[in-house]
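One chain is shown next in structure tokens, namely the form predicted alone.
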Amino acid sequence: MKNVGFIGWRGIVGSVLLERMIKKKDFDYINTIFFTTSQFGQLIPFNIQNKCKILQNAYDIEILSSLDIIITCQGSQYTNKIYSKLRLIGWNGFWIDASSYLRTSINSVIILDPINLNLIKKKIDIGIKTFVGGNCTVSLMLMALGGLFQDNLIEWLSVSTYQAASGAGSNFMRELLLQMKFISEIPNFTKNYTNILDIDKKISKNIKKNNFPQKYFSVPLAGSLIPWIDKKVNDGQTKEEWKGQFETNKILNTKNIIPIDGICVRIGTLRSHSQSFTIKLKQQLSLDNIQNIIKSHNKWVKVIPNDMNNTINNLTPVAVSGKLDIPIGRIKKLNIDKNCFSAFSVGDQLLWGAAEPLRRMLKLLLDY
């Protein structure tokens, strides 16, 4: 039985991963040592059948170096501090990471096994030991459009993302709720006889007050949106937008780069990311053909008919929250080019966009 260290299980991604692993009984097949950066020495605060019941120090290199596999959701700062130290002393175990820190390393593989299982296996065979979860929107996009990528049909892709507050972390989720609460505390705003324009003016005035909760977002998100995620990089892109092309092509191991670009937007949704695609194909295909290619790729992608009722009931963050399904709809040809079509997809970014690829990578290593 492999000794597996679990770090960052208390955070938002780690909590989802822990929940999934308990549900799928993954802990029955490993000896798990749980680590903490601040509460080591305390008892594990949940009931899992494993030998070590005490939380260990996440900075203890000696204990970490005794493990066969480390799975971490602690974040890039932790990986930056610990990963190199372990490798420098000769630790040759498997490192599975939710953070972005190692994604650009030539010695790492970005994991999304329904898309790149063969590449993952090939890298294991040649001795690669570092496996990293991808950017949330990139992973969700690939799950939705995997069939088109697999058949090498995409010439270029433009994407606009609509990303939930949970993509930034639990503090941002709480702040969005506080902003919603702040906005709703308008006297008589629910009463029908109150002039809605007066309410709108009061809300706009309240949002601009100095005591409006915006410590983490720095600006209002509730009642608004933020068309900027992460820091600025080259050519006016944000890093979140840059990841679309880089990570997609690394996951697919492409010889010729598939051009991908767009704009990433934070919206006032708690959980699950949405994306609008404009796709240029290398050849003209019928809508039926496109839909068949998409839905036949993996068991999680669900093609939603392009009508109002199906769209508003099945193609929203509310509809997919907590589910592994990846619905994709609004599939239609565009007037701008005979080989262009649009689509809209949504997925729970805490599952396929974060925790699930890590869980499946761990299982793959145990079964390999």
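In this text, residue numbers run from 1 along the sequence as written. Note that the rigid core is defined as the largest set of C-alphas that superpose within 1.5 Å between two forms. It should be emphasised that the depicted structure is a prediction, and the values quoted were computed from it without experimental measurement.
Another form exists, predicted together with a small molecule; not displayed. Remarks below refer to it.
Q: Using the partner position in the predicted complex, report whether Leu18 sits within 4.5 Å of the small molecule, counting heavy atoms only.
A: Looking in the predicted complex, residue contacts with the small molecule do not include Leu18, since no heavy atom lies within 4.5 Å.
Q: May I ask you to check whether Asn339 falls inside a 4.5 Å heavy atom distance of the small molecule in the predicted complex?
A: Result no; Asn339 lies far from the small molecule in the predicted complex.
Q: Although the partner isn't part of this model, could you tell me whether Gly75 comes within 4.5 Å of the small molecule in the predicted complex, counting any heavy atom of the residue?
A: The answer is yes: Gly75 has a heavy atom within 4.5 Å of the small molecule.
Q: Is there any non-hydrogen atom of Thr36 lying within 4.5 Å of the small molecule in the predicted complex?
A: Thr36 belongs to the contact set for the small molecule.
Q: Please pick out the stretch from 153 to 161, 119 to 127, 287 to 295, 93 to 101 that is in contact with the small molecule in the predicted complex, where contact means heavy atoms within 4.5 Å.
A: One stretch meets the cut-off, namely 93 to 101.
Q: The small molecule isn't shown here, but in the predicted complex which of Lys215, Lys81, Lys181, Arg174 has a heavy atom within 4.5 Å of it?
A: Only one listed residue qualifies here, and that residue is Arg174.
Q: Sort through Leu142, Ile111, Cys136, Ile260 and report the residue having a heavy atom within 4.5 Å of the small molecule in the predicted complex.
A: Of Leu142, Ile111, Cys136, Ile260, the residue with a heavy atom within 4.5 Å of the small molecule in the predicted complex is Cys136.
Q: Does each of Gly8, Ser166 and Gly353 have at least one heavy atom within 4.5 Å of the small molecule in the predicted complex?
A: The answer is yes; Gly8, Ser166 and Gly353 each reach the small molecule.
Q: On a core-based superposition, does Asn310 travel 2 Å or more at its Cα between this form and the one not shown?
A: Asn310: C-alpha displaced by less than 2 Å between this form and the one not shown.
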